[in-house]
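Have a look below at one chain only, the form predicted on its own, in structure tokens format.
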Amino acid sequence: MDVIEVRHITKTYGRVKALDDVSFSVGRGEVFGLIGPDGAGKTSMFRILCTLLLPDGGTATVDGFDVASQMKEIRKCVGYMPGRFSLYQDLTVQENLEFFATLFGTTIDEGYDSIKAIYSQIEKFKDRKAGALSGGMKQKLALSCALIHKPSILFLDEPTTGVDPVSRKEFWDMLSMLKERGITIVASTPYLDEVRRCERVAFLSEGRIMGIDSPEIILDRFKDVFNPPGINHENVIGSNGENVIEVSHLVKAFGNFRAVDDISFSVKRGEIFGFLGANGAGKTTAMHILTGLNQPTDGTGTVAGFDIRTEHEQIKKNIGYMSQKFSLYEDLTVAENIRLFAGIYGMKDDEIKTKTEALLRQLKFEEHKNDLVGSLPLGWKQKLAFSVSIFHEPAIVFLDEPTGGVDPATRRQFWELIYDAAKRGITVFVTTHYMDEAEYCNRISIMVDGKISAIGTPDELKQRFHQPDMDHVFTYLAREAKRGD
């Protein structure tokens, strides 16, 4: 029996047709995937089914209730995890859960049995603010909040974006447990291993359903989108081999907690250096020190020849940085963002004008230079953000999970930009939770519990730990973590 029925749904934003005659159905108790490239219409579909958005045409029912006329009934029977973090950062774990329970007219005690298996894993941190949680813990809390009112249907819009591979596997194991309880799950994801854990998937592209079938059939039929050819691996390390980052016995402590615990490494000019680790391993803290945003507790280091303790302002002028959270201004146009950041980096007007025209051509954005950045698909935004971060030709660019939530074909295009930058002698220091991207790096370090557990080329690490790929290497090392989140 179908619990969700979508018939000829359309949704338009101005000139953009986000959904174009979309039809599909989901069986009760099914794990159904809604997949496709950035801007395909997935989030619009989720919002319509969760009664947060009205369709322009067509009909849809959820558990027999109409999305346009029976919103209250639908909201009682569905749980929803939106793409962006759905919790309140300044509330504690328990306060978030109490808030969502109150929204649905229930209490934690009444709904506890339905979330016990998940919430019990984070309950000891109930007084910690949500904003201070690791990615894996945020997932568990957000899922607990979505389940507190005992919904029969769960909508998950890219719930694991920005989460490490081990935590992602644990999350999908939790979903399997929910399926066993008869809960229907509709999920979108850019991760192919998660796509394969669905029973059926619908592939959306430019607002239209291109196919509905098993994951294996859809991934094979549209392999140009989901499995584009790999990037040609060539040595892009600069010929002189000089170190542009040197770190010795670096420590960052918060009270008695050592987020970064005595790490040492170096990175060469023009090298693509992968800085990996599970959520909470200390990667972002270390990156903040290297970029001059924070000061070390102990240890020494230089970035682009400048001391990390005493010359952090000089470091900031000689690096590029693209944060995990989107780093451009959404209410400015493409051209205005480029000009703003070029001005911040002290570039002259003539140089800005010439380089802006060249960049717009390179990205094929000439017709979009006056578009507001907020209106662009995620993949476009991230390519623009990277290009702006190296617009002033810095010695080093730091990329903190730059491709989170982006489809495989767009990620490949992003990595072509990275390789082009490395060929020009720009050192690329990158964190990522996509292990296929780890294979693109010249060398990789993997942090566990604030320490570097392994460092070397992808091939060296696979041989050392007797693993077939970087995903297995990462999982093998990350499961050795002993400290809690």
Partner chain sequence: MKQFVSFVIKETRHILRDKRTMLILFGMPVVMMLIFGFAITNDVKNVRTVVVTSQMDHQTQAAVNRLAASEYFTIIATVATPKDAEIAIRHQKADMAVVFAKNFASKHSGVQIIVDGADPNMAQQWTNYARQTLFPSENSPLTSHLLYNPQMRSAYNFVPAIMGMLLLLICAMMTSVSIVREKERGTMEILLVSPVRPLMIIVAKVVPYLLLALIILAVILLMASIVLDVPLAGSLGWIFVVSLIYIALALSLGLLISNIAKTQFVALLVSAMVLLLPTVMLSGMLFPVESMPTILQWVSAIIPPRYYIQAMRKLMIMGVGISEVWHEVMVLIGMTTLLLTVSLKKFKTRLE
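Residue numbers count along the first chain shown, from 1. If you superpose the two forms and keep the largest set of C-alpha atoms that fall within 1.5 Å, you have the rigid core. Everything numeric here is computed off the predicted structure, so don't read it as measured data.
Quick note: we don't show the form predicted in complex with the partner chain, though the next part is all about it.
*Asks:* Work out which of the listed stretches, 178-186, 359-367, 69-77, 408-416, brings a heavy atom within 4.5 angstroms of the partner chain in the model of the complex.
*Replies:* Among the candidates, contact is made by 69-77.
*Asks:* Name the residue from L192, L91, A117, I212 that puts a heavy atom within 4.5 Å of the partner chain in the model of the complex.
*Replies:* Contact with the partner chain in the model of the complex is made by L91 alone.
*Asks:* Only one of C441, A421, I455, C50 has a non-hydrogen atom within 4.5 angstroms of the partner chain in the model of the complex; which is it?
*Replies:* Only one option qualifies, and that one is C50.
*Asks:* Each of E95, F100 and T107 within 4.5 Å of the partner chain in the model of the complex, by any heavy atom, yes or no?
*Replies:* Every listed residue reaches the partner chain in the model of the complex, so yes.
*Asks:* Using 4.5 Å between non-hydrogen atoms, is K268 touching the partner chain in the model of the complex?
*Replies:* Answer no; every heavy atom of K268 is more than 4.5 Å from the partner chain in the model of the complex.
*Asks:* Residue-level contact is defined here as any heavy atom of the residue lying within 4.5 Å of the partner chain in the model of the complex; does P82 satisfy this criterion?
*Replies:* Judged by the heavy-atom cut-off of 4.5 Å, P82 is in contact with the partner chain in the model of the complex.
*Asks:* Is there a heavy atom of H249 lying 4.5 Å or less from a heavy atom of the partner chain in the model of the complex?
*Replies:* H249: no contact with the partner chain in the model of the complex.
*Asks:* Can any non-hydrogen atom of R200 be found within 4.5 angstroms of the partner chain in the model of the complex?
*Replies:* R200 lies outside the contact set for the partner chain.
*Asks:* So which bits of 423-454 sit within 4.5 Å of the partner chain in the model of the complex, heavy atoms only?
*Replies:* The stretch does not touch the partner at all.
*Asks:* Rigid core aligned, does the Cα position of Q70 differ by 2 Å or more between the shown form and the other one?
*Replies:* Yes; Q70 is a residue whose C-alpha shifts (by 2 Å or more) between the shown form and the other one when the cores are overlaid.
*Asks:* With both forms fitted on the core, give yes or no for whether the Cα of A281 moves by 2 angstroms or more between the shown form and the other one.
*Replies:* Result for A281: no, shift under 2 Å.
*Asks:* On a rigid core superposition, would E98 pass a 2 Å threshold for CA movement between the shown form and the other one?
*Replies:* Yes: E98 shifts by at least 2 Å between the shown form and the other one.
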